[in-house]
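Only one chain is shown below, in structure tokens, and it's the form predicted alone.
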Amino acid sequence: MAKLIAGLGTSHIPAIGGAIHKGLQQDPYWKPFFDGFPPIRQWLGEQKPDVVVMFYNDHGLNFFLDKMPTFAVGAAPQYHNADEGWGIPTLSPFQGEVGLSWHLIDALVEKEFDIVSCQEMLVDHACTLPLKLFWPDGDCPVTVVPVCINTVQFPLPKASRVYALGKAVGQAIQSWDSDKRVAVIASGGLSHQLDGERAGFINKAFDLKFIDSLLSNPEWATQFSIHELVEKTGTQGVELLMWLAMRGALSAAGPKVSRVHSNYHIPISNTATAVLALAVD
């Protein structure tokens, strides 16, 4: 059976891609963010995952307000990047892991999650940037299964529902008939609001408590309704749902995880940025 080895989380601001393209990683504005990644890259080089399952949110590329699935799973052999103009101009297509995609889809439908299955899927910065941040050199060395969670168009899925989705994904990974090593990635957040009266809102205290809860009390954030999470983290801060899904997946592998490395920095483009790596004990 496949082995679930790690959970990773990172922010995915489009301007990060522009900084990578322009070589600004050591610029004073960007350095505190990029300095969070080398210890995790070294650890990933030792762990050598073969596949990643990417929890992310689409920004109007595949799904728009007229057609917005709550949960969608990619089942394509390749995923092409469609950049919005802020980030990395060109990237090679990412290779899919079709066998795991269909295994996840079958398992999630069996557990009564209504999944949109996407045999063709473009991916935006929310999917491409984490891969480039964790594996910056050359083509991406892992295959990918994108799992898209709606954080754009209300009604949004409850935090407890997303945690349950992650747990079901983790259970499906462990039952996949393969000897491959799998990591799960959460892409998004943390607290930020890009529009309205609270534009620029950041809640450092909540962010740090949330990050700590992922180790000690992973279901802590599920006590809050979606509207409460918007109040506490901002309209775009609900992307922390991806982090909950990631942690839910790890819970399927056992009760304990350990922190490999984490970093928190504010602000980058009016966003509280974070990176986290968790190992399955």
Ligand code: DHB
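As the structure is a prediction and not an experimental result, all values here were calculated from the model. Numbers for residues come from their place in the sequence shown, where the first is 1.
Missing here is the form predicted together with the ligand; even so, the following discussion is about that form.
Interface residue among V116, V152, L208, L194 relative to the ligand in the predicted complex, by the heavy atom within 4.5 Å criterion: L194. Using a 4.5 Å cutoff between non-hydrogen atoms, T10 does not count as a contact of the ligand in the predicted complex. The shortest heavy atom separation between Q25 and the ligand in the predicted complex exceeds 4.5 Å. When contacts are judged by a 4.5 Å heavy atom cut-off, P14 counts as touching the ligand in the predicted complex. Contact annotation for V260: none of its heavy atoms lies within 4.5 Å of the ligand in the predicted complex. The candidate spot formed by E239, I268 and T271 is fully in contact with the ligand in the predicted complex: every one of the three has a heavy atom within 4.5 Å. Checking 170-178, 141-149, 106-114, 186-194 against the ligand in the predicted complex, the stretch whose residues place heavy atoms within 4.5 Å of it is 186-194.
If you take 23-61 and check each residue for a heavy atom within 4.5 Å of the ligand in the predicted complex, you get just H59.
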